[in-house]
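Here's a solo chain for you in structure tokens, the form predicted alone.
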């Protein structure tokens, strides 16, 4: 399929996840088959005001490509200015977040709150499309709640405005990450618009891809399922699960990259977000996790990781983790 002026073979994309998908996770997922990645959600206000923490999100290795910058804002003017600032920094496109359900985002009128104000949502999309030459996508939910399932109507409006790609998470904001996904919305969207539509949410297996392909999905976005499991992209492409040796090597490399990005102490502490997922389902994981999350020194943590995996391999060299938790 073709999107963002790029051709993709598998159409497997790594979703933007705040607090997770900084460049270390993106690079690991690319190695295992992710064809496209997105930045963590970037505040347009923070970017235009030159907030240090916001600007850091844009920094990445030269090989972290192709990469889409995702922005959030409640202001079309602010979003337009942020998009122009991003355009000259080597990104393959810009994604507008209209799907984030988190309270601190929607309380500002951004994220999925934009779906309650179609006029402002369209003004936002139009302002960004007109301000840059890069391809523009919109990531959204089915609606705010079951009484306002307006994703299809918004998709039609975005197509007329000049948006290039649509990304659909099938739940409403009221659903958060719970309940059954409304994939029928994706089918209706594909029957209504001529744009590529990326399916996002609850994608774990090749059978999920097959089912979504039948509904018309052009590509697939994996988020929480890739946390501590970057090899999910290889598995979705028909490849093997990670061996224990690969799993150990990956967690150690992830730790090294986070320490490179954040410094030793912050890198180790940030790694705690991933450790539980990396060892989920393995022998002794319930004992290892709390121990690992008390360690602040990277070398000590590496030693603990190596000792843990050596113990797992001695007990059961064929041990496999259980599937990751659903929801993204």
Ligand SMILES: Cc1cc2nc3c(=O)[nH]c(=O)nc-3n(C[C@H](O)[C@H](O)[C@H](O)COP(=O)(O)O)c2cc1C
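Residue numbers count along the first chain shown, from 1. Everything numeric here is computed off the predicted structure, so don't read it as measured data.
Unshown form predicted in complex with the named molecule; subsequent notes refer to it.
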Should residue 69 be counted as a contact of the named molecule in the predicted bound form, where contact means heavy atoms within 4.5 Å? no
Can you tell me whether residue 16 touches the named molecule? I mean in the predicted bound form, with a 4.5 angstroms heavy atom cut-off. yes
Would you classify residue 309 as touching the named molecule in the predicted bound form, given a 4.5 Å non-hydrogen atom cut-off? no
Looking at the partner-bound form in the predicted bound form, is residue 40 within 4.5 Å of the named molecule by any heavy atom? yes
Using heavy atoms only and a 4.5 Å cut-off, decide whether all three of 139, 202 and 222 touch the named molecule in the predicted bound form. yes
Based on heavy atom distances of 4.5 Å or less, which listed stretch (85-93, 155-163, 188-196, 214-222) is in contact with the named molecule in the predicted bound form? 214-222
Applying a 4.5 angstroms cut-off on non-hydrogen atoms, the residues of 255-273 near the named molecule in the predicted bound form are none
